[in-house]
Ligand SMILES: Cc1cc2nc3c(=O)[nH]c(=O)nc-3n(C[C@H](O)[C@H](O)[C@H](O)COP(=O)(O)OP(=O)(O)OC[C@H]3O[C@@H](n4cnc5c(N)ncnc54)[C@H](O)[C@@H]3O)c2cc1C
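We begin with a single chain expressed as structure tokens, specifically the form predicted alone.
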Amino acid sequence: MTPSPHNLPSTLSEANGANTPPWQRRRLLQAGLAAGSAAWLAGCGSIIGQARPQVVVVGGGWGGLGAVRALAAQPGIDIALVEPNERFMSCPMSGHYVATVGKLEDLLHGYERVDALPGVKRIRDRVQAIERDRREVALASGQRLRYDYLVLSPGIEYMEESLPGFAAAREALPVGFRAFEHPAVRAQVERFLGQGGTFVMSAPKPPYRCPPAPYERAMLIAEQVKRRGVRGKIVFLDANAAPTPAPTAQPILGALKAYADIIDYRSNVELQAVDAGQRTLQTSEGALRFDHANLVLPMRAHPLIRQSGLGQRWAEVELPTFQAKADGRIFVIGDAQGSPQPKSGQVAFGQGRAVGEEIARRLRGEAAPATQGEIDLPLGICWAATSHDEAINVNVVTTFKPGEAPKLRFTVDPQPSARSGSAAWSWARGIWRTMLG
């Protein structure tokens, strides 16, 4: 009869005792190893039990940090944060730096206090693949991470194929809508401010990351043109009929009037091809020559979303949990998810916190809370800077009722103000402290 694990010898020396026959020693050792192995495997795969549950968070940006913060507040969870960069860099508030009126140090922050959170292990690596059938994340280093739950906040990529000629000129035409790309765009701006000429900028059709940002960037650069007396102009090509999202159109158009002598704003213009060598851009309005360019391309979710079968352009998620429709063990947050919520830092951080709390609830074995009426999704707060000291505040409240499309309600400053310009920096410093300590 196979011995019960409770009756197994407590040590190998006991199993090797002089009074134990060799055949019995072998059976005892085999049974002990089998029992221990089975217990370890069950523990790794279980949600509630003796083994600590494993949660992998991919992406150390706004969404990923929100999830880590919420998960670390719950005892007994092992959290692996996979992020290739050694430091965090903020895209929100980067317009000031790109336009040469801000410092890079304002945007850079260390992960040291995140590393000190209970249960958190930060892994500086890149994810190569997600193997949903094995519940494993394969890293570029060859390491594999097993998970009970997986949180994906990988961000976006540019749809380079949408603009023929761009891929060949990628280094010469930095977009600057992902972290650590901003210095290259600033270098473009510095050349323009030093040399003058024609600077072509663009905004794609939504959805894309931080819709007011292209207009903000153009106005901040135009302010420097005016201040420095640069012999140059900005041609802004908007693929939309007016600035997006729609509730911000009139305030932004009003702010653009202050730079009417510098910014040539053109709506409903589609980019068709670019030749960086010849410095020509083909558009729906014909050919356009440029000396400098910052072209913002259409965007989609990081390739991991498609590789793992979680969606095409954007990840398909269930609201209000942001659980992937294709896999109940995976949550997708931030700009990679496909809900109608704005793709902004504040929204991503709120989604991360909500998902972290949802995972913790499931790990505790608690039933989902009963919901009645409309459910509030994470709040959106952002600012569109119109000068070095003025901005337009944009707040977005999203509510959701099962079976219906989410409803977005915007509150937008009717015009720029120094009060909102100051509030933007207060908000940024406050949320950076909340995220990173």
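Numbering starts at 1 and runs along the sequence shown. Because the structure is predicted, anything quoted here is derived from the model rather than measured.
Not pictured, yet referred to below: the form predicted in complex with this ligand.
This chain is displayed alone, yet in the predicted bound form one of D115, D106, D125, E157 has a heavy atom within 4.5 Å of this ligand; that residue is D125. The partner is absent here, but in the predicted bound form a heavy atom of R209, alone among K233, R209, R353, H292, sits within 4.5 Å of this ligand. Shown alone, this chain has one stretch from 329 to 337, 221 to 229, 71 to 79, 310 to 318 that lies within 4.5 Å of this ligand in the predicted bound form by heavy atoms: 329 to 337. Contact check at 4.5 Å (heavy atoms) against this ligand in the predicted bound form: none of A99, G165 and I262 pass.
None of the heavy atoms of V55 is located within 4.5 Å of this ligand in the predicted bound form. A residue is said to contact a partner when one of its heavy atoms sits within 4.5 Å of a partner heavy atom; P92 meets this definition for this ligand in the predicted bound form. Although the partner is absent here, C382 is a contact residue: one of its heavy atoms lies within 4.5 angstroms of this ligand in the predicted bound form. This ligand in the predicted bound form comes within 4.5 Å of a heavy atom belonging to F177. Within 4.5 angstroms of this ligand in the predicted bound form, the stretch 53 to 67 places a non-hydrogen atom from each of V58, G59, G60, G61, W62, G63, G64, taken in sequence order.
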